[in-house]
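Heads up, what comes next is one protein chain in two forms, each shown on its own as structure tokens, labelled structure 1 and structure 2.
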Structure 1
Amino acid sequence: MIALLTQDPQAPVNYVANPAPAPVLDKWGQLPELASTFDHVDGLFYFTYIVCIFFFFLILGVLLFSVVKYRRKTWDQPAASNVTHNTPLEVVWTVIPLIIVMVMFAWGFKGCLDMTTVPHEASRNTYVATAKQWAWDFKYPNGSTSTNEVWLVVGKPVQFYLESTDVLHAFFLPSMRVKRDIIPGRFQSVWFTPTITGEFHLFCAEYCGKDHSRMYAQAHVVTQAEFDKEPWNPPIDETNLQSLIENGKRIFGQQCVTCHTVNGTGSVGPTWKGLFTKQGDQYVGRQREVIEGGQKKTITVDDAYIIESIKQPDQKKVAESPYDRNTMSSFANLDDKRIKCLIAYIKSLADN
């Protein structure tokens, strides 16, 4: 127990690289402004809310009144009444709640049917969301991909197939009132129609281990015209170093920031700062103790090592606590161009 309590606090890493701005609240100030067509959620929520408030004040009122009025003044004061039942009253307070809850039930069930019946337009616009510890991969209907950020078209119904490569996760878009568990080995899907443009939170709502709270994606709802520019795939000018670095920074922000930092403090994985130092025009890799096939050895960091670290992170494990215990998932889906960007970005962190 002592060991449990005396752990170092974690280095203050960003919660996520680029969280969406706080959603505007709706006019009742309780739910985030509705950004999909599922208005029955809000309707029923506020209906039950009012019912709750009504019964709460009813009970509170009767209690306060009784306590004031029938307070025992002398210690031998008997009760003002010894009534033990009143059938009409009991029928009333059984039947009225029963009616109320049946209304809620029917309303909720109807809404739920709406949320689970996928319309045709949505199934023609199907994305795949792959959840893994602790990141989101998205595949668009046209086959291109992005990580931890997803773009949707306003007004266009969309369906998501939900896949998990490891444990349970849940796909949660509070502004859209959408939530669905993601279960490895089981087909799950959700649909909705975004109705306003903007940036929205996409949380993982099912506990999935250490970085559950940092498994975050940003959902951008944009117009069709903007969507067609494929903002998740900005052009990379391979001849322009600045463009490489900027894109590398972007990819870092989407995929690597949950575990790596660029400011010298360690996180889940080692910081990228200091992997290279700059001597004149040359980038010199640092010496790094790694474990390869159970053997400890010292290597010099270079482009090949970075590429290997991305594609087969388990090949050479950093021999430094706690990184030797943590694992990095493979990012084999990053193409050469993007890896080039990442290397350029890592090098740009070098000090002179």
Structure 2
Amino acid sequence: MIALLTQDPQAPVNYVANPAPAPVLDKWGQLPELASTFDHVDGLFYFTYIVCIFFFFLILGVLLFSVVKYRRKTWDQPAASNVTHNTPLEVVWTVIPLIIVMVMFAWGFKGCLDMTTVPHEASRNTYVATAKQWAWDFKYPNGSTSTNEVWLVVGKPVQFYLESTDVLHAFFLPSMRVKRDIIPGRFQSVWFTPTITGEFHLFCAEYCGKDHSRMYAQAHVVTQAEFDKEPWNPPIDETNLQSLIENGKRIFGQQCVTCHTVNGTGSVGPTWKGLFTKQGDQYVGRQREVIEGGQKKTITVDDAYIIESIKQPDQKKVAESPYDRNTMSSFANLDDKRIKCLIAYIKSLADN
């Protein structure tokens, strides 16, 4: 099965550390396989689809019949009829579409009520999804967090409080049949009940800037037993350098790969490769020109600079173009243990 990495076909193949498989289409080949209880979305979609197809061929057939039967055969042929209107026919083609449209409205209105009326069980299982350019942060009911990946329990209703730290975004889970705009400064929420275990795509569905198409996350639906192991929060052995590096690489794939690279090529942000050089057993930071307080200055890269760049990215912006014009989101909530992993991973990219 082809892996669907992101919305952006030009994105690098390693954009997502563990890409979810391409979605399985429904039996009509139209929508992703339904993975929640909101089946009324599919019903209304196909009802509207069938109505459109039916009236397309009906109207097209009448037009073709009229063109052939009543075409002018000679230049002086008189009009076939002088009738200007037909009241019964006009009533029919007004009333029937009105009935069909009202059915669609009632069907959609009922579905909208189902989606906006959060059941008590879902409200007791509330997550917070924070959208920012260009990543997703998730806070679990127990207070733990993850980035660009979220784990849910199959068969357990869940509610998401939605917030944005910058611009307009949208929370879109096609397989769950839910989409809700995330408006800065405004309370929004969405809920659903996942019914199938697996990995599903979560997109931003509102244009939010240059890398909107790369604002992608994965929703993992697992059993309660697997969820209880907190796979988003694996243990980190701070005494084991290799463990720190591997976890740093994983965190990079979740949170940093949107804007940075590790192979020396440019991106939205500067590459991590070569920030340090290795001299024996020691890592020595390179010199870098930055802009601080509007003034250009030269600093030596060290742990303190990396920590500051993660939590206060605008404090010392890289002076090189185009990085001096780009803006990085703050990761102030990233804990010290994960920052230590990232630093270990950055140093592992050092030039010898």
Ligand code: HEC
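Rigid core here is just the name for the largest C-alpha set that superposes within 1.5 Å across the two forms. As the structure is a prediction and not an experimental result, all values here were calculated from the model. FYI, numbering is relative to structure 1, first residue = 1.
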Self-check item: Which of the two shown structures is the form predicted alone
Solution: 2
Practice problem: Answer yes if L63 and A135 are in one rigid part between the two structures, otherwise no. | Solution: no
Practice problem: Would you pull out the angle in degrees that the smaller rigid body rotates by relative to the larger one between the two structures? | Solution: 7
Quiz prompt | For K278, CA displacement between the two structures after the core is overlaid, in Å | solution = 2.4
